[in-house]
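One chain comes next, on its own, written as structure tokens: the form predicted alone.
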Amino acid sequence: MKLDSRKLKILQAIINDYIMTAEPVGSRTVAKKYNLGISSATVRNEMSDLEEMGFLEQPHTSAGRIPSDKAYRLYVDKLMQVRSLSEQEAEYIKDLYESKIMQLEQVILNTAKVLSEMTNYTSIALAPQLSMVTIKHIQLVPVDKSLALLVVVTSSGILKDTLIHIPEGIDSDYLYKVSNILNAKFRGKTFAQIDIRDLSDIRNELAENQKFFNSLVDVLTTSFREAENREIYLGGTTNIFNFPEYQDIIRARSFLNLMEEKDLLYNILVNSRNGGVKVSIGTENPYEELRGCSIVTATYSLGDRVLGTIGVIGPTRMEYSRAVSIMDHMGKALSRYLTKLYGEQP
């Protein structure tokens, strides 16, 4: 059976109508409302074919049909026209990033808030993954006779500093020497590229100070591990209640429980870090809890390095054209802001 142009027009009409109304669509509605130049009987026959092909489903005993996940995938890939943002919407996003200088985490939190406001869906945002930025400089700075500060400067301008205990007899010249070794080993690498076991030179240099070496390895390991920030920011969690699909209390509670599964949300966002806008529809999602939802994600970057992911979650009856447009615009605006603010210096 062939998916010809008439079937495509009917399928697009059904998808558009169902997205707007959340009501199963009948052949008479398609024939009268969308002016396709064919009778309702012809539409009904075509809808029967589309159901047989897996593009339409019949909920309960209703005479109408609703799109399947397969139909939404075809719609997103082939049929929909991505709607441009209005001047007011584009200006609203621009103002978000030009209003004031914010801490990096606050920028992402505000992004999640604006995403939920603009789309009316629930937004999720992954905190910047510093494992993707480059180490520019490492320095051990003496604080007093028993403490030093390990300072790590990254290409994003972000500092990580940790106190480390130093044994008696280690002076600032010795710390400077160790700092030079650390820079020789790690400068120019991302946190993700570092193998903490690659410290044989330092072990040899600190042979007489094994305790200091062990402390240094512990602090470096912790610092590099913390670069993989698993913080997830949410916006508009209760927006889902605005959709008829989630008026059922059991389904609504299941969604709210899902929003508490931070490890699951983290994995979703990390697995979407391939750049650009990505749409996952219903059963395409690898997690059972998300089979009734669609997720639209976009990455944000610092220069050419992906730092994290932002996204929105809604019913499969999502207004994909608008969601894709907003996510694409927001991801690019956020990337421009971060590159301008933290742009790599030579």
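Quick caveat, the model's predicted, so the values are computed rather than measured. The numbering used is simple: start at 1 and walk along the sequence shown.
Not pictured, yet referred to below: the form predicted together with the DNA.
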{"query": "In the model of the complex, segment of 314-322, 278-286, 32-40, 298-306 with a heavy atom within 4.5 Å of the DNA", "finding": "32-40"}
{"query": "M330: touches the DNA in the model of the complex, heavy atom cutoff 4.5 angstroms", "finding": "no"}
{"query": "Partner proximity in the model of the complex: S27 to the DNA, non-hydrogen atom cutoff 4.5 Å", "finding": "yes"}
{"query": "4.5 Å heavy atom contact, R44 to the DNA in the model of the complex", "finding": "yes"}
